[in-house]
Structures are given as C-alpha cells and as structure tokens.
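In the block that follows, a single chain appears as structure tokens, in the form predicted alone.
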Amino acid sequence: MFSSSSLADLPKSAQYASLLEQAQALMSGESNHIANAANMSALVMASLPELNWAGFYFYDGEELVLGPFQGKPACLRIALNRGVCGAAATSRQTQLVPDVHVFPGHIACDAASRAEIVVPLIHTGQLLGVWDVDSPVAGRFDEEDQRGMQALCNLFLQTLKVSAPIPEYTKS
C-alpha cells in the first residue's frame, strides 16, 4: 500500500496525489495528533526526493516546541519571532524559502539545509504549530510543493477531534 521508491519519477502533482492517498490511509480513524504527526513525517521523508528534514513544531502558548520528525536532531524550541518557522506561526502564512541563507533570522538547525517550506497549522482558529520541511537543495520547493504540503496539513488537521484539540504543553 505504501510506496516511496516510484514517487521520485512522477510529476509533483502525481507525487502529492499519491502522498495524500497514503496519508489518508495512515491517518484514517486515528485522532491522536502525535501518532498522525509521526506517520506523516515518516511518509513524507521516505517518499519525496531531496529532503533532509520533515516534521512538526507544536505551539505551547509561548513558543514552538519540537514534535515528531524525521531527520537529524533539531532545535528543541523556536520563538515566534525567529526563523522561518516563527515567521509562519506569526503570520499564519506558508513560508516558501528558496534559499534559507538569505532569509532574515534563519535558524540553522542543520547547516546542510538550503531550502525550506513551513505551513502553519491552524485548527478552529487557533495556532497549533507548524509543519516544517527542509532540503539541502536551493530552490527545491515551488508553488506546487506549497499546494501539496498545505493539502497534507489540511488532511492532518481534519483528523483532530474538534472537541479534543491538541493540548498545550505545560512548563515544569
């Protein structure tokens, strides 16, 4: 059911159509955000070419906190006014960055990253976090990737129970 080896040879629209179908099958009937975030991260990382990080940061009411991901170890916390993730969270707009080295305030969790796309996760009007994908290839992401990533995020958000949103993290 889940195939990643053939996606690299398909046009992007077909890659994302396949990813959406596979993600729907993985998340069908599951409302736990951690389980779905973990599977979505693994699916995207294993399926799309030229990625070096894919994952989630969840908003705890003050900052973004690392969630499920695939790739090298990452920054644990990101302030809302810092980097591409902070810009997406603050603006509530997808950030499509062809070259992170020219993005003001970019946070280099992995020095190999060159391009980044970050989609804010908004559920019932509330910021839940961001979906972040990095590539070691400058210019790797385009508007087709943006549409595809936003569709995947919408699918992820649809799996959440309206009566049981992602709980806020508590500071100890």
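Owing to the predicted nature of the structure, the values given are computational and were not obtained by experimental measurement. Counting begins at 1, following the sequence as shown.
In what follows, reference is made to the form predicted together with a small molecule, a form of this protein that is not presented.
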| query | finding |
| --- | --- |
| Partner-proximal stretch of 41 to 49, 105 to 113, 27 to 35, 138 to 146 relative to the small molecule in the predicted bound form, 4.5 angstroms, heavy atom | 105 to 113 |
| The small molecule contact at Cys85 in the predicted bound form, heavy atom, 4.5 Å | yes |
| Contact label in the predicted bound form: Trp53 to the small molecule, heavy atom within 4.5 Å | yes |
| Contact label in the predicted bound form: Ala74 to the small molecule, heavy atom within 4.5 Å | yes |
| Trp131, heavy atom within 4.5 angstroms of the small molecule in the predicted bound form | no |
